[in-house]
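Shown here is one chain on its own, the form predicted alone, set out as structure tokens.
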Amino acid sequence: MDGRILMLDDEIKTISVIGLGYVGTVTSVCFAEMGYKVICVDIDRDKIELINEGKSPIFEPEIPELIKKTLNQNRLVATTDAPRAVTNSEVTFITVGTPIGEGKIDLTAIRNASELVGKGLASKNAYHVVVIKSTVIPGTTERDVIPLIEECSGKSEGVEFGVCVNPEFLREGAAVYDFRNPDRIIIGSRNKRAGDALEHIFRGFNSTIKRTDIRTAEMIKYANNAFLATKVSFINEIANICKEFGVDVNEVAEGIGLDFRISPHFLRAGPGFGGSCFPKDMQALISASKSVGYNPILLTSVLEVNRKQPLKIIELTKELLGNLNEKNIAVLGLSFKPNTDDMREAPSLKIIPALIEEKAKVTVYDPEAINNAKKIFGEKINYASNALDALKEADCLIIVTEWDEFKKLPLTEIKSVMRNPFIVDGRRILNPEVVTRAGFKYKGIGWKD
């Protein structure tokens, strides 16, 4: 066995990454950009072919250009052979998905990845570091990941290989920026050798590095997302109350955000949070808490507020139009946030079915998510190639996602093509005074009528 500690530049040359979703793709490409050789792995051959052809398997700013750049520099390669990738690298990041199944976290993918890592380590003599970036409930790495790697490799954690937990905090749509500019790096380990090796990889980042044990690192990720989700549901609850009192929630949010203990971040009222992290992680943490005998009342309430919030859009639309039967509704924005095509748990997935149930005629437009929407809604709705086409003969415009192009809608032009100049601004990206002066009837989340 090679007993050297992985600390020197000439010792960590190759990194393998298992799982090519958002986190895995961004991690692979960004490490390759840093100068490491990266072997990225997935069971999906289509993803592998795309990367090796210089194309991105995800929509994320900067990723396509970085894939081409690092491929041309021979620092990035994709494969389906996980054991071989592990054998030929010094550090392996596991970035597979941990979806919710039957109300609790599904560990199938991370268990499979752990077995593949073990098989790769079985034929390797040098010390290896395994890094869990997948989001897992506290105790998972010690209870599931490490034993599986040990069983499949015939080696002992802490001796021939080490395991760290390094949670990710990447925002879809800004993931490359977040990777390059982390506000903190969490390294959880139960032996110093593995933790030191991982810290060495991140030595060039201008960021605070916090070292913890494995379970604490796992919990930090859930606590982080739970807090941010709580802020979103909190301001949405306040927005709903503000409407009843004739108060503008944006002014309230600005006022409380000036308190350094609160800060203005995540105090934007809207139709609720979505995406691949907040809803899933909240459900997983609630389920895990209940499994050990604790009922997380606050977290459950956060999810309940979020479940109902998209339907506030329908209420506002009815306030303008009354019965929605046969009304033409234009929905701008389908992804859960701008700069991504991701529709997982997006508010649009609740708003559009509710409009259909009201027998409205729905036309949608999104700069990136149209193809995903077609897979979900099929012929139940109409699809436009641009915002202006979506608004032709519309009785009401509903803004669901705050894409930059929607902030600059030409009001005079859209009023001329709409049948009724009604706007429901679910993200409060338009100036209500400007919109009403232009002759529109306006409703917004938390706006004083």
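For every residue, the number given is its place in the sequence shown, counted from 1. In this text the structure is predicted, and so the values were computed from the model without any measurement.
Form predicted in complex with ligand NAD: not shown, discussed below.
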query	finding
Any non-hydrogen atom of residue 49 within 4.5 angstroms of ligand NAD in the predicted complex	no
Ligand NAD contact at residue 29 in the predicted complex, heavy atom, 4.5 Å	no
Residue 135 within 4.5 Å of ligand NAD in the predicted complex, heavy atoms	yes
Contact label in the predicted complex: residue 15 to ligand NAD, heavy atom within 4.5 Å	no
Partner-facing stretch of 276 to 284, 199 to 207, 186 to 194, 355 to 363, counted where any non-hydrogen atom is within 4.5 angstroms of ligand NAD in the predicted complex	276 to 284
All of 248, 315 and 396 within 4.5 Å of ligand NAD in the predicted complex, heavy atom check	no
Proximity to ligand NAD in the predicted complex, single hit among 34, 43, 411, 417 (heavy atom within 4.5 Å)	43
Contact residue in the predicted complex, from 73, 112, 301, 88 (heavy atom within 4.5 Å of ligand NAD)	112
Stretch 306 to 320 - residues with a heavy atom within 4.5 Å of ligand NAD in the predicted complex	none
